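Heads up, the chain below is alone and in the form predicted on its own; it's given as structure tokens.
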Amino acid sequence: MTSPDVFEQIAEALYQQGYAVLSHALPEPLCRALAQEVRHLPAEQFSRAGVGRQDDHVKADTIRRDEICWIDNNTAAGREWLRWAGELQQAINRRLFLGLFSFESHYAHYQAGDFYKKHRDAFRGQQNRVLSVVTYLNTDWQPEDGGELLIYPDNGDVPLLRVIPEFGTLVVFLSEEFPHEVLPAQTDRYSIAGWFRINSGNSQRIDPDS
């Protein structure tokens, strides 16, 4: 069970600076269950991720190279993860009144050499994604393994943050505000990327991210 203090820390950091980075935010049994599940999913459940949406969606290996598998309620680990995300959603709505309405997420697998160039998770004014969530499932990750998440200021080329994708690290940030990228990994890199949306008419699924 997650301490309410964890949700409060996330909400306070979002209020103060628009992003939060916490170590061991998820309950460890849940994090380990997710880490085990992503490594044992059949290869055919993963698909090569792309960029753009609807008619503009393309597979662009010069922009991103990773494989994704959407998370649903069909496994115990998936159900528990979505329940935890629901608790986070409620806590943030109570604290920050963001009106978060729905959540979607997927596993991401980066093989050696894979990356994702600098991008945003949402475009201003479209309100398709409000809050981005990333959690890392890599045990025994070493600095030389690469794969860091770089988060940039709204208009700037010098990163605000360089996050090592270590097991249990959680990153939450405002989707419209922070461009970010994933540096090339030197070994298999596993994560979950998710997005909270508000209740709007623009709710088409987009092929995602980190």
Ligand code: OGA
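Just so we're clear, the structure is a prediction, and the values are computed from it rather than from any experiment. From 1 onward, residues are counted along the sequence shown.
Quick note: we don't show the form predicted together with the ligand, though the next part is all about it.
This chain is displayed without the ligand, yet in the predicted complex the stretch 178 to 186 from 38 to 46, 24 to 32, 154 to 162, 178 to 186 comes within 4.5 Å of it by heavy atoms.
Residue 119 belongs to the set of residues with a heavy atom inside 4.5 Å of the ligand in the predicted complex. Contact annotation: residue 19 falls outside 4.5 Å of the ligand in the predicted complex, judged by heavy atom distances. Using a 4.5 Å cutoff between non-hydrogen atoms, residue 10 does not count as a contact of the ligand in the predicted complex.
None of the heavy atoms of residue 100 is located within 4.5 Å of the ligand in the predicted complex.
Three-residue candidate spot 64, 106 and 193; every residue lies within 4.5 angstroms of the ligand in the predicted complex by at least one non-hydrogen atom. Residues 134, 136, 149 of 131 to 159 are found to place at least one heavy atom within 4.5 Å of the ligand in the predicted complex.
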